[in-house]
Structure formats: structure tokens, C-alpha cells
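A single chain, nothing else alongside it, follows as C-alpha cells in the form predicted on its own.
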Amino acid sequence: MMATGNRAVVDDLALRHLDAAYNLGRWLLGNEQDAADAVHDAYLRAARACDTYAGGNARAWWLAIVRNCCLARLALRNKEKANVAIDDNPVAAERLMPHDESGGVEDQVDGAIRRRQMAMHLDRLPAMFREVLILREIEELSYREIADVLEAPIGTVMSRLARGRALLQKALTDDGTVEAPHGL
């Protein structure tokens, strides 16, 4: 049976991190309705399991539940995406990530186009790389928090992040969105 105090913590946690949960779900599942359903499922799971929460990073606990709900939905769909082999170049990928939104109109238009291209290619990445990029670059979780969400070692997180950045950079380079960095 769930304690009222723990339930209030789950309610507060879900509300505070609703955008992050929904954003993670949307990126993992590929559409808004499935993301909303997964977040709802996650809330129900969290409410049922709130008595088993052992403390620690509550945000990572919540996002781990959301992630697991998303993965369960993906398993139901039975959609598996093939991995894409590429050359590794995480340094070049790092410079492609958005940094500064200030500037003139042309910079803002270029930024909007770049973000659209980035989102399109990010959506096409295998889920294991996409989720790490979303958690790090968009939700700004630390490596430790991502490791908690994924229930994986930090080394795995770092590897997937580097590989995901490289995949994204290659996709952007291949479609001409960006110039190939030196050495590719």
C-alpha cells in the first residue's frame, strides 16, 4: 500500500519533470500521442512503486520509469531499426550541437533550419543513441544521471554519447547540411 506522503512526492516529481518526460517519450516513440500515453503509464507505475523508491536522484528515477514505459511500447510495436555503421568522429559532432541562439535574423533562420535538420536526423538514429543524446544535450542530465536512467555504466553512456554524436554528424554531413569536417 502506498503512503500518502510518497504519493505526493511522485505527484510533485511528475509535475516538475513533465516536460522532460514527455520530451524523452516523444523522441523515443516518435509521436506525441504515444509519448503522452507512455508518460501516463510511467506516472501510474511510479505511483504504484513509490513505496519502493530507495532515495537518490528522483529525476533520474522518474525518467528511468518513463524510459522503461517507452521501451515497453516499442517492444509492442515490434519495430526494430537497423544500426548504421559510420566512422567515429565525436569531436566533429560536438561542434554541430546547438550552442548560441543570439544573433541577427539570418542567424535565427539558419538556426531554425539547422534545428529542423538536426531533429530529423536525430529522429532517425537508433534508439540507444537517440535517448542518450536527448538526455544529455536536451535535458542536460549529467553522465551519472543518464547512467541511472539507463541502468548502465557511465562508460557505456559516454560511448553511446560519442557514437550518437558521430552518427548525427555523419547524417548531417551526408545530406549536405554541414560541410564534412577535416579528416572525414
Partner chain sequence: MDCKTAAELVPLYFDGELDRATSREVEAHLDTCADCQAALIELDALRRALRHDVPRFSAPDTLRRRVAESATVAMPPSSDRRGSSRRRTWLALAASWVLAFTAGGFTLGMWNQVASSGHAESQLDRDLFASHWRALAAASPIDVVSTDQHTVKPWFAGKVATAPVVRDFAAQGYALMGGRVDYVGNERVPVLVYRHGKHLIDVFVLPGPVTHEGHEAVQMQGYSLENANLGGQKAIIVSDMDRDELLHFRDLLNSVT
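We call the rigid core whatever largest set of C-alpha positions still superposes within 1.5 Å between the two forms. Computed from a predicted structure; not experimentally measured. Residue numbers count along the first chain shown, from 1.
Same protein, other form: the form predicted together with its partner chain, not shown, and the subject of what follows.
- Its partner chain in the predicted bound form comes within 4.5 Å of no heavy atom belonging to residue 152.
- At the 4.5 Å threshold, heavy atoms of residue 69 stay clear of its partner chain in the predicted bound form, well away from it.
- Using a 4.5 Å cutoff between non-hydrogen atoms, residue 51 does not count as a contact of its partner chain in the predicted bound form.
- Although the partner is absent from this view, residue 61 stays clear of its partner chain in the predicted bound form, with no non-hydrogen atom inside 4.5 angstroms.
- Heavy atoms of no residue among 29, 131 and 156 are located within 4.5 Å of its partner chain in the predicted bound form.
- Residues are counted as partner-facing when one of their heavy atoms sits within 4.5 Å of its partner chain in the predicted bound form; in 161 to 175 these are 161, 165, 168, 169, 172, in sequence order.
- Once the cores line up, the CA of residue 116 ends up 2 angstroms or more apart between the shown form and the other one.
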